[in-house]
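Same protein, same chain, two forms; see structure 1 and structure 2 below, as structure tokens.
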Structure 1
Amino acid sequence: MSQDIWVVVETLRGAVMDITYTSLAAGRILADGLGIRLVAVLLGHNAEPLAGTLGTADSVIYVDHASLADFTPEAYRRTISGLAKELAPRAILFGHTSMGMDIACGVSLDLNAPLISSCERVKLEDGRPWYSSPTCGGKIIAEGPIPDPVCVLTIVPGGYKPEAVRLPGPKEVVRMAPSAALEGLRITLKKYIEPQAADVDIAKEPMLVAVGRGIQQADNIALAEALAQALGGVVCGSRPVVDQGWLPVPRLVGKSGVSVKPKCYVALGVSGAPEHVEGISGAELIIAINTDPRAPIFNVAHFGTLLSMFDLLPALTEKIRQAPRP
């Protein structure tokens, strides 16, 4: 029984994803608190150099196989489950992401391990490891012990900053062959499709006006456009707005969109669901306009108001236009 804490490394086209470092930060707390080792599990093909930034882990298990060159759910899941059956980790941490969520459920069933999803923070309480997961769009926090002898968790961004744990290393790399058969896969990667070309790159814009579900209808986007124009910025949005086709995909901020780092981010009717907030952690100033006093956006915003955007925006836009410049 190794009873290590495992973090499954997420890589996409030769780069380690930030969520891996967030998970390593959480894993480090658990491993230190329990006095056990933190192990990063890296799958790939000719990808061993990627272990070079996983120095927060005590050890890296690297599994190389042609079928693991790119993420596909079955090959990755079989490999992780096979390793875990052999080495018996105490907990396995995945990202709560497009990759992690494809396989965490399957791995938990393979191992008969309880599953905790959307975990943002972990801690030791009376010697027991605990999870804390935001739920219901971030309005509710659920907490509980991380069951033993084995548990699978999916980690959301927000609890720990990736930069702090992106360390050179690691102390050792253990190469292992896949213990599970990787033939007869029912899901295969055909190709990647590059993101739709953007008229503006919102990742580089210093002034952003973001619209959320509270904008109510497509016609109201004009109010946001007017404010953005007065600020010398551009309009972006959260998932529901883009899914409605009211803004083009390159304007999507958050988990499946763009991570932005503007000098100023004005959030109009954006609730602040975790998937959105993860894309704005780099914003220098966040102003939230939302009529819901319990909207989680107010927990990341620097300034907020409960006034209706429909009342406030015409006045605000006009005052910005008229304001004397230095």
Structure 2
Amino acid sequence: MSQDIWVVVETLRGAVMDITYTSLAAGRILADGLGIRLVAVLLGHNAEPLAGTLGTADSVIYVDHASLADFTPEAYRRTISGLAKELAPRAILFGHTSMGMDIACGVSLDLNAPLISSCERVKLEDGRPWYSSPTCGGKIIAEGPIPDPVCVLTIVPGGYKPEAVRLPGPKEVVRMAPSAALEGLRITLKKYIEPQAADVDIAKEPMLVAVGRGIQQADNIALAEALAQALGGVVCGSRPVVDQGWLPVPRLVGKSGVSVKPKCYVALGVSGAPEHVEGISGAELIIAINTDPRAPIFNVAHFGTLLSMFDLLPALTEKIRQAPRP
């Protein structure tokens, strides 16, 4: 039995997604604490060069097959479950993303292994691996030991910085033959459908002002727009604001929207649910303004205040306007 820690690599159109590096950071803690290896599991077709970005892993298992060129739940589940039955890892880490959640439950079922979802942190306690998982919008943190002999986990963004483990390497690439189970797949990817072009690309903006449910009504977005204009940025929002139709869909930040990497991200009345935090893990500076002291956004913010945005924003915007420009 290998008893390695596995991280399933998430890719899209030939690029490794940031959530993979977040999961590798968590996996590194578990592997080092248990004295075992960290292994990245890369599936694809002509995708072996991507292993060169996974240097924090001790080894990469690479499976090449035409059916794995693009993600489909059936092909990935069959492949990962087959590998795990053969090699017996101690734990399998997926990103808590649409891809990870599509297959983590199935792999858990195939292996008759417990599944722990939405893990934000992992640690070693008295020699045993433990998980920490926020629930109820982050107001409750569930903790406990990671069961053995094998366990499946999904890792949410925000707990670890992807940049810290994006290293060249790895030390070893192990090429595994594709499973015979990949024959006769019922689902294949035909094409990608691009979303409608946005008025601005928030993924490329260095300064973002985000509005959440705490903005209360559409008319109040004008306060955020005034601040964004003073800062030289643009307004974006969380799911509740977009669902209300107060901002267009291309301005949505989060798992079901856009992942952003601004120099500064100002969150106005944003609670900070895991789905939203996933989209802002690459921000260099996060400033939270929220009257709820238990809001999960404060767990990832570098600076924060409990002041009402309706009292603070007019004065803050005016001060920024009056400040000398570099």
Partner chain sequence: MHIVVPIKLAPDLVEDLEIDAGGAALDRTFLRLIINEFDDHAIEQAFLLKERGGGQVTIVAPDLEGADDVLYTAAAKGADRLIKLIGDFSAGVNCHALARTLAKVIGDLHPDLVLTGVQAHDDLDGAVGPLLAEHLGMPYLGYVAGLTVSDGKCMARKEYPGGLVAEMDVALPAVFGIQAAEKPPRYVVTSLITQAMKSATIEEIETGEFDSGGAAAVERMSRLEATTHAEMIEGSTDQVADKLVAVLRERGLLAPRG
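Predicted, not measured: the structure shown is a model, and the values here were computed from it. Here, a residue number simply tells you its place in the sequence of structure 1, counted from 1. Definition used throughout: the rigid core is the maximal C-alpha set that superposes within 1.5 Å between two forms.
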query: Form predicted on its own - structure 1 or 2; finding: 2
query: Rigid core superposed: residue 297 CA moves 2 Å or more between structure 1 and structure 2; finding: yes
query: Displaced residue check between structure 1 and structure 2: residue 69, CA, 2 Å or over, core reference; finding: no
query: Rigid core superposition, residue 165 Cα moves 2 angstroms or more between structure 1 and structure 2; finding: no
query: Angstrom shift of the Cα atom of residue 222 between structure 1 and structure 2 (superposition on rigid core); finding: 5.3
